[in-house]
Ligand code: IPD
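Read the single chain below, which is given as C-alpha coordinates and is the form predicted alone.
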Amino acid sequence: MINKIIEIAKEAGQVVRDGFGKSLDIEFKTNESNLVTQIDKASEKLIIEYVHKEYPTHSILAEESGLSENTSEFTWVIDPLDGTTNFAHGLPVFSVSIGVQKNGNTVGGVVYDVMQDIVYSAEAGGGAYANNKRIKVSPNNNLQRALLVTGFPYNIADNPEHAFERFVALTKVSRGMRRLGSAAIDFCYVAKGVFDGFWEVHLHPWDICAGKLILEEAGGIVTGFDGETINIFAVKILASNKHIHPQMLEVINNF
(Lines give C-alpha, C1' and ligand atoms only; values in the text may rest on other atoms or scores of the structure.)
Protein backbone atom coordinates (compact mmCIF):
# COMPACT_ATOMS: atom_id res chain seq x y z
CA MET A 1 0.00 0.00 0.00
CA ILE A 2 2.87 2.42 0.69
CA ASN A 3 3.71 2.55 -3.01
CA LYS A 4 0.11 3.50 -3.76
CA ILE A 5 0.25 6.28 -1.16
CA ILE A 6 3.49 7.57 -2.67
CA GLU A 7 2.02 7.43 -6.16
CA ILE A 8 -1.02 9.57 -5.37
CA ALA A 9 0.93 11.95 -3.12
CA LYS A 10 3.24 12.72 -6.03
CA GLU A 11 0.33 13.14 -8.43
CA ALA A 12 -1.32 15.57 -6.01
CA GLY A 13 2.02 17.30 -5.57
CA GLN A 14 2.16 17.91 -9.31
CA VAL A 15 -1.23 19.63 -9.12
CA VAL A 16 0.09 21.80 -6.30
CA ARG A 17 3.34 22.57 -8.11
CA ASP A 18 1.51 23.52 -11.28
CA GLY A 19 -0.64 25.97 -9.29
CA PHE A 20 2.25 27.61 -7.46
CA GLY A 21 2.71 31.24 -8.41
CA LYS A 22 -0.50 31.32 -10.42
CA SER A 23 -3.62 33.41 -9.80
CA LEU A 24 -5.51 31.98 -6.83
CA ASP A 25 -9.10 32.01 -5.66
CA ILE A 26 -8.65 32.44 -1.92
CA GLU A 27 -11.39 31.71 0.59
CA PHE A 28 -11.28 32.08 4.37
CA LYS A 29 -12.38 29.41 6.81
CA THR A 30 -12.28 30.40 10.50
CA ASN A 31 -10.49 33.75 10.12
CA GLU A 32 -8.28 35.84 7.83
CA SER A 33 -5.30 33.58 8.59
CA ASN A 34 -7.01 30.30 7.74
CA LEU A 35 -6.93 30.07 3.95
CA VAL A 36 -8.08 27.61 1.35
CA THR A 37 -7.47 27.85 -2.39
CA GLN A 38 -8.77 26.08 -5.47
CA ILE A 39 -5.47 24.17 -5.48
CA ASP A 40 -6.13 22.68 -2.02
CA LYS A 41 -9.50 21.52 -3.33
CA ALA A 42 -8.12 20.16 -6.61
CA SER A 43 -5.40 18.22 -4.80
CA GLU A 44 -7.89 16.75 -2.33
CA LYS A 45 -10.34 15.82 -5.10
CA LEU A 46 -7.61 13.96 -6.96
CA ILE A 47 -6.58 11.98 -3.86
CA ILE A 48 -10.14 11.12 -2.86
CA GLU A 49 -11.02 9.95 -6.37
CA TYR A 50 -7.91 7.75 -6.31
CA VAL A 51 -8.88 6.17 -2.98
CA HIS A 52 -12.43 5.57 -4.21
CA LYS A 53 -11.06 3.83 -7.29
CA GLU A 54 -8.31 1.75 -5.65
CA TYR A 55 -9.90 1.11 -2.24
CA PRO A 56 -13.66 1.72 -2.55
CA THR A 57 -14.46 0.43 0.96
CA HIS A 58 -11.89 2.58 2.78
CA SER A 59 -12.96 5.55 4.90
CA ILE A 60 -11.50 9.03 4.36
CA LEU A 61 -10.77 11.90 6.73
CA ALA A 62 -9.70 14.93 4.69
CA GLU A 63 -9.07 18.55 5.62
CA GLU A 64 -11.48 20.20 3.24
CA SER A 65 -14.27 17.62 2.95
CA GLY A 66 -14.20 16.07 6.42
CA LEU A 67 -14.98 12.47 7.34
CA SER A 68 -16.48 9.98 4.90
CA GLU A 69 -17.01 6.71 6.76
CA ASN A 70 -17.17 3.39 4.99
CA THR A 71 -17.13 -0.31 5.84
CA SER A 72 -13.39 -0.94 5.90
CA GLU A 73 -11.04 -0.99 8.90
CA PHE A 74 -8.80 1.41 6.94
CA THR A 75 -9.02 5.21 6.99
CA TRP A 76 -7.03 7.59 4.80
CA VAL A 77 -6.12 10.84 6.59
CA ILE A 78 -5.41 13.52 4.01
CA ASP A 79 -3.95 17.02 4.00
CA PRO A 80 -3.93 17.99 0.33
CA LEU A 81 -1.77 21.09 0.86
CA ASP A 82 -0.10 21.54 4.24
CA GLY A 83 1.24 25.07 4.28
CA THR A 84 -1.48 26.87 2.34
CA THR A 85 -0.46 30.28 3.69
CA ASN A 86 3.10 29.75 2.42
CA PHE A 87 1.72 28.57 -0.91
CA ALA A 88 -0.60 31.57 -1.28
CA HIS A 89 2.21 34.01 -0.52
CA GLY A 90 4.71 32.43 -2.90
CA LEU A 91 6.88 30.84 -0.20
CA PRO A 92 7.96 27.40 -1.51
CA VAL A 93 7.56 25.44 1.73
CA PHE A 94 4.48 23.20 1.66
CA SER A 95 3.60 19.55 1.34
CA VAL A 96 1.04 16.88 0.60
CA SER A 97 0.47 14.63 3.62
CA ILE A 98 -1.32 11.27 3.53
CA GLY A 99 -1.53 8.78 6.37
CA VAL A 100 -3.41 5.49 6.39
CA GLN A 101 -4.77 4.04 9.61
CA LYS A 102 -5.97 0.51 10.33
CA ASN A 103 -8.37 0.31 13.26
CA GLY A 104 -7.08 3.62 14.59
CA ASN A 105 -3.36 2.84 14.26
CA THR A 106 -1.28 4.49 11.54
CA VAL A 107 0.26 1.82 9.31
CA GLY A 108 1.59 3.96 6.47
CA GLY A 109 2.46 7.59 5.95
CA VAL A 110 3.80 9.81 3.19
CA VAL A 111 4.73 13.48 3.25
CA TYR A 112 5.69 14.90 -0.12
CA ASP A 113 7.83 18.05 0.10
CA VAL A 114 6.57 19.39 -3.20
CA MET A 115 9.12 22.02 -4.19
CA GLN A 116 12.15 19.98 -3.09
CA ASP A 117 10.70 16.84 -4.68
CA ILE A 118 11.39 14.74 -1.58
CA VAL A 119 9.09 11.90 -0.59
CA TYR A 120 9.21 11.07 3.11
CA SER A 121 7.62 7.72 3.82
CA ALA A 122 7.21 5.09 6.50
CA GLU A 123 5.40 1.85 7.18
CA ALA A 124 4.79 0.72 10.74
CA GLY A 125 7.81 -1.30 11.82
CA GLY A 126 9.68 -0.65 8.59
CA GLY A 127 11.75 2.46 9.24
CA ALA A 128 11.54 5.91 7.67
CA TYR A 129 12.83 7.08 4.31
CA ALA A 130 13.48 10.21 2.26
CA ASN A 131 13.42 9.33 -1.45
CA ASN A 132 14.21 5.70 -0.53
CA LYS A 133 17.18 6.64 1.66
CA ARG A 134 16.85 5.58 5.32
CA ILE A 135 16.65 8.52 7.74
CA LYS A 136 17.29 8.77 11.47
CA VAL A 137 16.77 11.43 14.12
CA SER A 138 19.75 13.38 15.43
CA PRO A 139 21.88 11.99 18.30
CA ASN A 140 21.99 15.36 20.09
CA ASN A 141 21.19 15.12 23.82
CA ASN A 142 21.82 18.74 24.80
CA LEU A 143 18.92 21.19 24.53
CA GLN A 144 21.34 24.13 24.44
CA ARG A 145 22.76 22.72 21.19
CA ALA A 146 19.37 21.93 19.71
CA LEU A 147 17.72 23.53 16.69
CA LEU A 148 13.98 23.54 17.31
CA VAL A 149 10.91 24.24 15.19
CA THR A 150 7.36 25.22 16.02
CA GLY A 151 4.21 26.59 14.52
CA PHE A 152 1.39 28.83 15.68
CA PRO A 153 -2.32 28.03 15.40
CA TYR A 154 -4.72 30.23 13.47
CA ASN A 155 -6.04 31.71 16.72
CA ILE A 156 -2.56 32.74 17.89
CA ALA A 157 -3.90 36.19 18.83
CA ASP A 158 -5.58 34.45 21.78
CA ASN A 159 -2.22 32.96 22.82
CA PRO A 160 -3.63 29.45 23.31
CA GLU A 161 -1.74 27.11 25.67
CA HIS A 162 0.77 29.90 26.47
CA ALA A 163 2.17 29.63 22.94
CA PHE A 164 4.13 32.88 23.11
CA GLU A 165 5.61 32.18 26.55
CA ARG A 166 6.72 28.70 25.53
CA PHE A 167 8.21 30.05 22.30
CA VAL A 168 10.29 32.58 24.22
CA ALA A 169 11.35 30.10 26.90
CA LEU A 170 12.51 27.43 24.45
CA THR A 171 14.22 30.02 22.26
CA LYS A 172 16.27 31.14 25.25
CA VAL A 173 17.53 27.66 26.13
CA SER A 174 18.17 26.27 22.62
CA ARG A 175 20.64 27.01 19.84
CA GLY A 176 17.92 28.36 17.60
CA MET A 177 14.26 28.37 16.67
CA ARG A 178 12.57 28.14 13.27
CA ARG A 179 8.98 28.37 12.06
CA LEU A 180 8.43 26.87 8.60
CA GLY A 181 4.64 26.88 8.29
CA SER A 182 4.07 23.20 7.46
CA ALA A 183 3.71 20.87 10.43
CA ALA A 184 4.10 17.80 8.21
CA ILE A 185 7.49 19.05 7.01
CA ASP A 186 8.44 19.93 10.60
CA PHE A 187 7.88 16.30 11.63
CA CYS A 188 9.98 15.07 8.70
CA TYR A 189 12.84 17.47 9.40
CA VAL A 190 13.02 16.14 12.95
CA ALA A 191 12.92 12.62 11.51
CA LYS A 192 16.00 13.23 9.37
CA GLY A 193 17.91 15.16 12.02
CA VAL A 194 17.63 18.69 10.65
CA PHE A 195 15.72 19.71 13.78
CA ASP A 196 16.06 18.11 17.18
CA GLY A 197 12.57 18.91 18.45
CA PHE A 198 9.16 20.25 17.45
CA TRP A 199 6.09 21.29 19.37
CA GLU A 200 2.77 22.84 18.47
CA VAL A 201 -0.80 23.14 19.73
CA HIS A 202 -4.19 22.91 18.04
CA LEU A 203 -3.06 20.82 15.10
CA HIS A 204 -5.50 18.53 13.29
CA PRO A 205 -5.34 14.80 12.54
CA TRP A 206 -4.36 15.43 8.91
CA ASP A 207 -1.44 17.60 10.09
CA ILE A 208 -0.19 14.85 12.38
CA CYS A 209 -0.98 11.41 10.97
CA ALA A 210 1.76 10.77 8.39
CA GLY A 211 4.48 12.90 9.98
CA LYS A 212 4.06 11.29 13.39
CA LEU A 213 4.64 7.81 11.99
CA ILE A 214 7.62 8.94 9.91
CA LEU A 215 9.26 10.55 12.93
CA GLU A 216 8.63 7.55 15.17
CA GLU A 217 9.98 5.15 12.55
CA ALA A 218 13.11 7.33 12.34
CA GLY A 219 13.72 6.73 16.05
CA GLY A 220 11.95 9.76 17.49
CA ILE A 221 9.13 10.17 19.96
CA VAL A 222 5.81 12.03 19.88
CA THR A 223 3.88 12.72 23.10
CA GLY A 224 1.59 15.22 24.71
CA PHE A 225 2.90 17.92 27.02
CA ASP A 226 2.47 15.43 29.86
CA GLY A 227 4.92 13.03 28.22
CA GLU A 228 2.19 10.46 27.57
CA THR A 229 1.44 8.64 24.31
CA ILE A 230 -1.03 10.44 22.05
CA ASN A 231 -3.16 9.71 19.02
CA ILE A 232 -3.67 11.90 15.96
CA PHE A 233 -6.51 13.82 17.62
CA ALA A 234 -4.27 15.31 20.35
CA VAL A 235 -4.18 19.09 20.73
CA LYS A 236 -0.75 19.37 22.38
CA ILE A 237 2.13 17.85 20.42
CA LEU A 238 5.76 17.45 21.46
CA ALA A 239 8.04 15.59 19.07
CA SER A 240 11.78 15.07 19.37
CA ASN A 241 14.77 12.81 18.83
CA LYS A 242 13.98 11.23 22.27
CA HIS A 243 17.26 12.47 23.76
CA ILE A 244 16.12 16.03 24.49
CA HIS A 245 12.50 15.13 25.18
CA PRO A 246 12.73 15.34 29.00
CA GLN A 247 14.50 18.69 28.77
CA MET A 248 11.85 20.11 26.47
CA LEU A 249 9.07 18.79 28.70
CA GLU A 250 10.61 20.52 31.70
CA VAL A 251 10.58 23.91 29.93
CA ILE A 252 7.12 23.44 28.43
CA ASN A 253 5.59 22.52 31.76
CA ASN A 254 6.76 25.72 33.46
CA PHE A 255 3.51 27.24 32.12
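Numbers follow the displayed sequence, beginning with 1. Because the structure is predicted, anything quoted here is derived from the model rather than measured.
Keep in mind that the form predicted together with the named molecule is not shown, yet the notes after this line are about it.
In summary, among the residues 114, 100, 122, 183, the only one with a non-hydrogen atom within 4.5 Å of the named molecule in the model of the complex is 183. Looking at 195 to 203, 220 to 228, 43 to 51, 65 to 73, the stretch with residues near the named molecule in the model of the complex, meaning non-hydrogen atoms within 4.5 angstroms, turns out to be 195 to 203. In the model of the complex, at least one heavy atom of residue 152 sits within 4.5 Å of a heavy atom of the named molecule. Contact check for residue 179: a heavy atom falls within 4.5 Å of the named molecule in the model of the complex. Contact check for residue 81: a heavy atom falls within 4.5 Å of the named molecule in the model of the complex.
Interface membership of residue 207, defined by any non-hydrogen atom within 4.5 Å of the named molecule in the model of the complex, is confirmed.
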